[in-house]
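Quick setup: one chain, the form predicted on its own, written in structure tokens, and binding and motion questions come after.
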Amino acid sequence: MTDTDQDRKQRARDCFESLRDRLCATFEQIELEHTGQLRDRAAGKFVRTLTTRHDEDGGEAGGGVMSVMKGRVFEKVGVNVSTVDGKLSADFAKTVPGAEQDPRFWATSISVIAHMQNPHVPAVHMNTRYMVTTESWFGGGADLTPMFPNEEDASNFHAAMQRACDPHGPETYAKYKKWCDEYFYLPHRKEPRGAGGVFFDRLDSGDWEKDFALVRDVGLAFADVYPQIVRRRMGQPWTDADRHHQLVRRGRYVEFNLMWDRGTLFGLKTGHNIDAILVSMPPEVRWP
């Protein structure tokens, strides 16, 4: 491994950990600000838990920190950062670029998922990652999942993603928006999971600094726009009927993550901590 390779790994990891700290601080502040329904409950605070990955022979092969908060605004929000390494199974290595001949890998990532108390505050997902085999690339994106469609929120979210993408080429936002719409789609229900956003994978343009900048900019755009949406909606009144609708719509989220999501599959295939992998699951859901 060259000094450049090691430096790039450290910079990606530091970027994700810094974003994690910013998001956790912002989300805790939102909990303190809340004056709407459920305001009589205690404001939530993140609980951080170390996670460990074990390879096939039982040895430790990296891990991460699982940060989870349950509060009066955020019913459940997870902000996980992991850095793992080891060998991919022979079958799984065939599906990963650069791993078929040499199954060794290294990966670092941040994953954010928020399920909200108020049905009018959209759920959200954001993930960015850096993967190294004999090749290296970035992946990730962010998408909004409203329980009740809201054009203002969706427009604000997409505008933020476009501002992040535009400095990286005039076609970048449109390309990654389309990719997101196609990826976060439930074929068995013939419907999108939510309002979309941006999604990209196996990003390796040949210019590492350029690719890293895009990943960083998407994360920072998310950290700006989502708290704005939460603060705008968290005081909106809601009813039992609204809550029922929210729990039914959450079922779509569960279905997608367990049936179609590549990140969930990667975590399960590489033997990472099961609780960290499934922290994306909502605390309560309903199938009528």
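One rule holds for the numbers: they count along the sequence shown, beginning at 1. None of the values given here were measured: they were computed from a predicted structure.
What comes next is about the form predicted in complex with a further copy of the same chain, which is not displayed.
Chemist: Can you pick out, from Arg72, Lys76, Arg193, His125, the residue that has a heavy atom within 4.5 Å of a further copy of the same chain in the predicted complex?
Modeler: That would be Lys76.
Chemist: Have a look at Lys178, Arg104, Arg189, Arg163 for me and say which one sits with a heavy atom within 4.5 Å of a further copy of the same chain in the predicted complex.
Modeler: By the 4.5 Å heavy-atom cutoff, the listed residue in contact is Arg189.
Chemist: Okay, which stretch from 231-239, 35-43, 250-258, 217-225 lines a further copy of the same chain in the predicted complex, with non-hydrogen atoms inside 4.5 Å?
Modeler: Among the candidates, contact is made by 250-258.
Chemist: Using a 4.5 Å heavy atom cut-off, state whether Ala25 contacts a further copy of the same chain in the predicted complex.
Modeler: No, Ala25 sits far enough from a further copy of the same chain in the predicted complex that none of its heavy atoms falls within 4.5 Å.
Chemist: Within a 4.5 Å heavy atom cut-off, is Asp5 in contact with a further copy of the same chain in the predicted complex?
Modeler: Looking in the predicted complex, residue contacts with a further copy of the same chain do not include Asp5, since no heavy atom lies within 4.5 Å.
Chemist: Counting only non-hydrogen atoms and a 4.5 angstroms cut-off, does Leu278 reach a further copy of the same chain in the predicted complex?
Modeler: Yes, Leu278 sits close enough to a further copy of the same chain in the predicted complex that at least one of its heavy atoms falls within 4.5 Å.
Chemist: Between a further copy of the same chain and Pro149, Ala159 and Pro170, in the predicted complex, does every residue show a non-hydrogen atom at 4.5 Å or closer?
Modeler: Per the other structure, none of Pro149, Ala159 and Pro170 touch a further copy of the same chain.
Chemist: What residues in 274-288 sit within 4.5 Å of a further copy of the same chain in the predicted complex, counting heavy atoms only?
Modeler: Going through 274-288 in order - heavy atoms within 4.5 Å of a further copy of the same chain in the predicted complex - the hits are Ile274, Leu278, Met281, Pro282, Pro283, Glu284, Val285, Arg286, Trp287, Pro288.
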